[in-house]
Ligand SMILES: Cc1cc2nc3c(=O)[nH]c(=O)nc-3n(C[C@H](O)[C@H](O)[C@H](O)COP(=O)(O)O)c2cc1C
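The data below hold one chain only, encoded as structure tokens and taken in the form predicted on its own.
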Amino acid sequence: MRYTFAPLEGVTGYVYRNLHRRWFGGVERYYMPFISVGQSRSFSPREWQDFCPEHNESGDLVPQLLGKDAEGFIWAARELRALGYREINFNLGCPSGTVTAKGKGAGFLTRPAELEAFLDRIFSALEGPISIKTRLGYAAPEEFSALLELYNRYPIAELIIHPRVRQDFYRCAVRMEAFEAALRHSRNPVGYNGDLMSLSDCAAVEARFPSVTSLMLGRGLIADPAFLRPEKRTRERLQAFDEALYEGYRTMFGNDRNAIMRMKEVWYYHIHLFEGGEKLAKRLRRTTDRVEYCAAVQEIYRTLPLREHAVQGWTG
């Protein structure tokens, strides 16, 4: 089975990806947080920093594009391929209100005629693999039969399905029966993404759906960076990784405050690898001071037992 790392905006940027590969690894591909494309025909400085060649020397990276402007998508895909990226991933799954209100991400799923015209244009204009990450629909899983009929018209390199609808966000249980039906009727290779928190979770999905081509790990892998390399799940290695990550963010941002804010995004998930971390999680959320932040992290590693795998404690 091929394991891949899902893109999480604000978390899995180049600093995180490079360090995770160095300290833990185990994934075949890292999908990069989305690049928003439109009519500007330009990348923002922040986007460029994340995918520029000097920050990404490995060949295991897949950039992800978000948008509803086909010409902008085509322009960005060609620019990225000129830099050496082969596969391009299209985001049709982001449930964020600021994204869906603009008809992007999962919001694009509510506009099937526009989506069809978009896919017609990009698949006719671009050579090379294009994968899609999608939800089952916007409001109800019954929407997916029409969406899958549309997807089946195109040579999608891999259809990565997160079996929730946009209105579920991440709160409801994944809809495994709907995923099973999608897998049965898809003419394209299908990957699975959603609520994989342990190797036993992965094994269960593999056993139930042996034709799935990949498992995409997201929040569970942020919570436990040694998810796929349990022999490396030691207190010492995890702490060294967290320290290297913090220093990497200090270098990237040039200040402690922004580095701490970025580490808080990581700890939102990572704290659930530790028993009884609620009190120290609150302490981390409150601090913007380097000394206080480092003291809280030291106390986590000094006093809290490690779990064998993270538990799902987030609600967003």
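The numbering used is simple: start at 1 and walk along the sequence shown. What you are looking at is a predicted structure, and each value in this text was computed from that prediction instead of being measured.
Just so it is clear, the following notes concern the form predicted together with the named molecule, a form of the same protein that is not shown.
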message: Can you tell me which of 119 to 127, 217 to 225, 202 to 210, 100 to 108 lies within 4.5 Å of the named molecule in the predicted bound form, counting heavy atoms only?
response: 217 to 225
message: At 4.5 Å between heavy atoms, is Glu9 in contact with the named molecule in the predicted bound form?
response: yes
- prompt: Within a 4.5 Å heavy atom cut-off, is Arg166 in contact with the named molecule in the predicted bound form?
  reply: no
query: Is Tyr269 close to the named molecule in the predicted bound form, meaning a heavy atom pair under 4.5 Å apart or at it?
result: yes
task: Answer with yes or no whether Pro33 is in contact with the named molecule in the predicted bound form, where contact means some heavy atom within 4.5 Å.
output: yes
message: Quick check on this chain: which one of Glu87, Glu143, Asp242, Asp195 has a heavy atom within 4.5 Å of the named molecule in the predicted bound form?
response: Asp195
task: Quick one: name the residues from 54 to 87 with any non-hydrogen atom within 4.5 angstroms of the named molecule in the predicted bound form.
output: Gln64
